[in-house]
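There is one chain below, alone, in structure tokens, taken in the form predicted alone.
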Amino acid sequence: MGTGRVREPQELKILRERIRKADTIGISGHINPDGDCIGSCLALCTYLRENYPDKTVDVFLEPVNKRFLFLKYASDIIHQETADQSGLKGIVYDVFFSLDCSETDRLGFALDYFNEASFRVCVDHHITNKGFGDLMFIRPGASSTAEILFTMMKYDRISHACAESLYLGIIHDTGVFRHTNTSRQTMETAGALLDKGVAQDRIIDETFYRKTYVQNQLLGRALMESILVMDGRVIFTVISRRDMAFYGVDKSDLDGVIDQLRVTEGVEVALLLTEKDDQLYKVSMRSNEYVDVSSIALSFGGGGHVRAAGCTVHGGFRDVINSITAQIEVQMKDLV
């Protein structure tokens, strides 16, 4: 691995040497993996398997949505049940990568593999990441972890399959280049990946925009039952376990709901509450211009980015909304 520049950063030199000496390499990302997490893990797996064919490279993730299964090596992803049954439990990897994960607890069942590895590498772009592992590539200014990985790879060694995974990661964390984390570097990276033959229309349509009939029904219900508060500056909706069961969907079918709430006219912050258990809600947050939702998520044990973050909060949904909007109100007052 490396940037191909004349003066390669010392961290990359160390990493390349560790990879060269390794026999086994593990890769994982955060729980509830999104497009950037999945794309980054599979891009790195593809790059390593294709350029270091003598290495054993494994990817550990929770089950991913079927729309991502076209990516190379997606069918090789190891889930917890598979790991427990295959005898992998207890294996010590020579190198283990944590990708797109702001803290070790969010590695889920892969945490033990990461902790036991001989050498641990953290690659991430979350502003709430305080750093962990033996070697860290944390770039809060990057649009995505996929964008960071691109700078760590030699361009002439990035295959079409690897480029597809990197491109997917970038478009999902930038909202197809609409979010404020999209920079000139992001666009130049995307352009370089297109030169590898990436079919951008297929990836964008099939993994970002396309929805099933049931997903559209659930989205419609979520929008119909949404509520404006704080003089229309905050919008929220709640999706209960009963709703999920009624429509026969899982959490991956909620993609797009929060983004549709965010573009409501006059709204600064959008909140999506998904019931996980009695008195327990997963909260997704998006802001448009000035509210730092990552600081709010962090106060509840979560994390993320300035404009996109999430956390899990105990309490009834009214209590959860009141607790979060109180912090939003403080930030808004500070701006007056």
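So that there is no doubt, residue numbering starts at 1 and follows the sequence shown. From a predicted model like this one, the values you see are computed outputs, not experimental measurements.
This next part talks about the form predicted in complex with a small molecule, which is not shown.
In summary, the region of this chain contacting the small molecule in the predicted complex, judged by heavy atoms within 4.5 Å and restricted to 280 to 288, 38 to 46, 53 to 61, 66 to 74, corresponds to 280 to 288. In the predicted complex, the small molecule sits within 4.5 Å of a heavy atom of Gly304.
Interface residue remark: His126 is counted as part of the site for the small molecule in the predicted complex, having a heavy atom within 4.5 Å. By the criterion of a heavy atom within 4.5 Å, Leu271 is excluded from the residues contacting the small molecule in the predicted complex. When the small molecule is considered in the predicted complex, Lys196 lies well away from it, no heavy atom lying within 4.5 Å. Comment: the small molecule is not present in this chain, but in the predicted complex one of Arg233, Arg139, Arg106, Arg221 has a heavy atom within 4.5 Å of it, namely Arg106.
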